[in-house]
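This document contains two forms of one protein chain, each encoded as structure tokens and listed individually as structure 1 and structure 2.
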Structure 1
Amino acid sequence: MQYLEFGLKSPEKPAVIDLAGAWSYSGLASRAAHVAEALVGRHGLAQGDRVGLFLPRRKESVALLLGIFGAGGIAVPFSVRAAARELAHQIADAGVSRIIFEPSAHAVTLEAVALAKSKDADPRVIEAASLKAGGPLARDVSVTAEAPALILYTSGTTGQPKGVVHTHASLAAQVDVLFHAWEWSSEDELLHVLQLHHIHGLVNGLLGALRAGAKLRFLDTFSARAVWDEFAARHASVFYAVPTIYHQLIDCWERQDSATQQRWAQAAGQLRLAVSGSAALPARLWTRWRDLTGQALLERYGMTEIGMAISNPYRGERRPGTVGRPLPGLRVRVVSESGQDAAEGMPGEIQVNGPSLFREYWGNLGATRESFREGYFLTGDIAEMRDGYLCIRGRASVDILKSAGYKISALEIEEVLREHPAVREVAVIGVPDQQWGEIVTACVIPQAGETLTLDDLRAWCGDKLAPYKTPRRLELIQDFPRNAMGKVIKPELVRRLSAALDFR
């Protein structure tokens, strides 16, 4: 139970809290051991077997995850919102031999298993409630640090999701670097509102809090008002979220009376640390949160394959529009197209080396080999170094547009367009075009009651962007296709818009 090491120094201290109550660290360890015993003794789990599971934000989810680890299995977390076809791909791709299901997910589980059988997969379905008690382990389980522990599937925002294999050692490295960099302590309490099938919520959040011996408090369903009420009740010292959540929190705050606004803002100002990640944090949102709460959000950079690699400092200047500096123990370089280190202020690909990196893409040796150069993982993200701080310019595949012979950062344009008073949300994409290569297209969700034209937008950009960066097309839409973390799936947006334009 390496992830409970610090907490077990005070075994009766609360470890995990949800709406149904709290478990102490000793109680959590005992329940996780029962899961391991049941998986090995009653269900014949062998070391290295892949176990699929849903992880709603509840105490039981933590025991299931740690129990799989303790049994020597490899956990394959599923999204609680996933469709059957998506689950079937992951079941078959990872060779999942057992699925632990929740009653609320029974129907989608059975449908996914039926689909997976057509791909030669035949997992055994186990009800979570049956794992609450077990006898002595049927065999001695000795799990090494280099053994695989977890397969997380990439978000699929830029292509087919791949299974990312992390070992116990790489997970420990990830939580340890944040433990030190963000000065976690056993006195902390994390208010957890994120999905548990991604690095942000599962490793940074769940495992990170347990590794520190801190309290982990779950909200089973997200509600902006509920988050504010938890802040006001002093039920958090640390809060992790994505930009969409901070946007929703501010919207909720703005609808309250002045007394509630003051109480909530003061409560949020008492947080020791508020972190934003998983998508670019608009500078306007960073500034608004600071003005409202006095808190400077800490933005960081990471991905499924590497954990967290870059972060604004816990102590020191946090610069809006940047993701900060490389974390201790991580080697980060920005490499130009020529293969040389990019000069200050010039774009290049972020490449990372260090102990937190994943071992492989499951069953995909070719993709694994192609993702490394000289021991560095090729992230596919483009950034510029400015005075020691990294500024992300976007994914090379979807955020770096090629129009009229220029390479253009979609994120740079989005930052300018967000400042327009009629723009609520915006995504900039490149729509294929024979003349221009790609047409710079602004897809905008307007503010309620506001009107917006392409001429308005181009005039707004006139003194802020070079002419070749200014959008040539405006599309007003109601919502974006998003992944589970709220990130816009730009390839899907391009596909939809291209199809609509062809129809016209």
Structure 2
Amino acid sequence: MQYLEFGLKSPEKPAVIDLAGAWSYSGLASRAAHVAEALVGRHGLAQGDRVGLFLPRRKESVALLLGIFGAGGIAVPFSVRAAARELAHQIADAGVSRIIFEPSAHAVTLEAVALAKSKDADPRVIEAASLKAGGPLARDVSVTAEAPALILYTSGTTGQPKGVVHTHASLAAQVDVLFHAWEWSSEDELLHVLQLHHIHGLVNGLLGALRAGAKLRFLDTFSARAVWDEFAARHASVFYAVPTIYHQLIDCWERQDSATQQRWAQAAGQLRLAVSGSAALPARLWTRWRDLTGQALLERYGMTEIGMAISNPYRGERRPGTVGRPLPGLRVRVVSESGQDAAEGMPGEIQVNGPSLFREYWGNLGATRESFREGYFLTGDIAEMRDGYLCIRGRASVDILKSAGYKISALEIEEVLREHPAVREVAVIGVPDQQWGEIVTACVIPQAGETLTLDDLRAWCGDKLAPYKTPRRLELIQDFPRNAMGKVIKPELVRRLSAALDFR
């Protein structure tokens, strides 16, 4: 079975561990085979059918995902924190025909299915328990490397999230690149604390660990203390996280007595590899972590559409404030506004080409075409080269925010806020913040005679947006800075609010 080849060389070795215990590689393989058989035999899944599923950090999630792959289906992972409206969009957009039922998402699933029906979708809900029984596949499903395997929804600058389609080949290329570059082995154990509907947690983390025949240890709910305890119990050799998590780990460490601090720091220092990505890692945070633990965090750069493209070296100097060099097999160019390769120290857009790139945005040929030039994917991220290392300078669009490692479309949030009766005009921006990267901030001009509180806004968003997209800050404003066309100058808003924050 795909991804399990290495692991199955030692079939009794633990593959995946959660609070309820461990499954060996052979146990995982047979459970995934049962899922595949039940999907094809009992639920009539045909090749290329889209299967929506929630992936809480539990062993069962891994069997479901591999089972869908084995059955020739296309997995569409939903966020366990998504709101019904967001799910309905994904179900209808991807034409999801089956949803695997997850009890913790009971209400939201039913609401999303009802909403999706009004968009001409008609997904069938399958009980996960019904996928447990069954034998190996009666007839072999031969899935080609070029067949789509996964659709991940990601925010863009055009409002509604787009479905990024990865094939089995592009996923394999992604995990292979990291396997070699970061020297994974079957001796490794990954402590997994990331979301599984995102490239970082799903591909780098889950598939990457399995590809190496390593141990995958899930922490079902994240807490900084629990991570430190796992480090102290020597339950990890590799750790992947976003900068917000390293921030929280340091905060938690600072609140401990000195004996605990010493024990924890020493344990973290034993990690073979600790990676940060999905958002900019402030150099101060890098230095603080190194001072505490002796560990040089490895920062890398990637994106849902391209997988991981640029990384600091596993061996060699890791430079804080940089994302390193292109990974082997990836072609990366930095293109200035004039369309030329940017000179050393000059800003340009990162453009990427290579086998790990996605195939298309699902059902959106126009957006797919627009995002490529000469075979290179246009990331919209601005960087400059300094002594052979790339430094990310920000995004070309102010409408893409990054908070706690999540990519968020300002326009999607604005659409929801604009429906609020007290809102006359709204601009959503990301205000820089040490802990969150950016804080989702709603700048609102209220309707005449109306007022609004942050609590009102958050309650309004409750059933319409996932919690991480819901604004954490509200600024009531009389008017926006605007250009001659009347368009809001968001960078100016960001500047003003950042200055106001520094002042406080």
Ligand code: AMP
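Structure 1 provides the reference sequence; residues are numbered from 1 along it. Take the two forms, superpose them, and find the largest set of C-alpha atoms that agree within 1.5 Å; that set is the rigid core. All values derive from a computational prediction rather than experimental measurement.
Between the two copies of this chain, it is structure 2 that is the form predicted in complex with adenosine monophosphate (AMP). Thr379 shows a C-alpha shift below 2 Å between structure 1 and structure 2 [criterion: core-superposed Cα displacement of 2 Å].
Taking the rigid core as fixed, one finds a CA shift for Ala442 of 2 Å or more between structure 1 and structure 2. Rotation of the smaller rigid part against the larger between structure 1 and structure 2, from C-alpha superpositions: 148 degrees. On core superposition, Gln478 has its C-alpha offset by 20.6 angstrom between structure 1 and structure 2.
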